[in-house]
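Quick setup: one chain, the form predicted alone, written in structure tokens, and binding and motion questions come after.
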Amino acid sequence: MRMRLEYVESERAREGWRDALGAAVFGTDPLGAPIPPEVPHLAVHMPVLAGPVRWIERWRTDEPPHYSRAGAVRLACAGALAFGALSAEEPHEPPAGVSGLEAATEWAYGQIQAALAASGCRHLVRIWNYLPRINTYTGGLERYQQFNGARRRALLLSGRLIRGPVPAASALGCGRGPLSIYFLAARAAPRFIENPRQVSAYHYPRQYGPQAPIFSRATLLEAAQGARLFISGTSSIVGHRTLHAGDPAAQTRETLTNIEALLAQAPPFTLESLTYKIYVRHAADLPRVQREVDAALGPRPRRVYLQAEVCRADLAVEIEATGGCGEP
């Protein structure tokens, strides 16, 4: 089965939903996009930079998907793949000892585990997490650190691994709204790829929080129709330290060097063969980031730019990429 990733302007997305696995809508007004209600999707309040008012990220297949619900998760299954999406509001009165974000995260990841079992696609391949105020401190912990701890507890409770063969992932700060998560899963396990230039995220020292983040740097899903590569959110980190703080251009170059290091382990993918989603912390930095990206990639690869808070306050840029999903 083939899978295609495409970015469509909201106003031009009336067609192409019969074979849609799922979608995410990005923009300052992401609600009201023309998406059939049965298709798993969610809205992320995240400004689009250098593009339309709203981008729809749409995943399509060449097999008709089957749509269903598993608890709070809206699911689409086609062949050996599944796409799921859910949102989790933070309770105003969370259980004692946890924040509202922690309660929402534990609940959401519990729902995801149940949905994976229901779909028959038990292997998480790629997961996207969007939460507001990711760098804000409450109760002595940054909200990203709270999210990491709650995710870890939920995965352990469900019997999932928290290091080694864990999915590719991103966690970004959005403007407002609930915790929003969407994911791709498969019947077969992907290959999990780490970056020789970086400490694995799940081995980060405690200076970045009581619990380390849980993701692989990339996953490679091999199939008869070809391999699909999913590169996690990648930034200007070498070893475990941020480099080039205060210099968005240098951080962009370092980030692309990190992506190249991953591609060396996943031939035949190249920088020019991927589709990119590029998160920029400050809109004023966009021209500098674009110049570096254009110099490295040339005109061909598809790329979209979004304004988002990155998981570390000293990071100005984060880039994720996908290969083998129908890019031109």
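The numbering used is simple: start at 1 and walk along the sequence shown. On a predicted model such as this, the values are computed, not experimentally measured, just so you know.
Not on display, but discussed next: the form predicted together with ligand 3EB.
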| item | value |
| --- | --- |
| Candidate stretches 74-82, 140-148, 189-197, 176-184, one within 4.5 Å of ligand 3EB in the predicted complex by heavy atom | 140-148 |
| Non-hydrogen atom contact F230 with ligand 3EB in the predicted complex at 4.5 angstroms | no |
| In the predicted complex, R152 touching ligand 3EB (heavy atom, 4.5 Å) | no |
| Residue contact check: A104 to ligand 3EB in the predicted complex, 4.5 Å heavy atom | no |
| Contact of C311 with ligand 3EB in the predicted complex (heavy atom, 4.5 Å) | yes |
| One residue of I237, L124, A88, L220 in contact with ligand 3EB, assessed in the predicted complex (non-hydrogen atom, 4.5 angstroms) | I237 |
| Contact assignment for ligand 3EB in the predicted complex, among A169, A115, A108, L256, heavy atom within 4.5 Å | A169 |
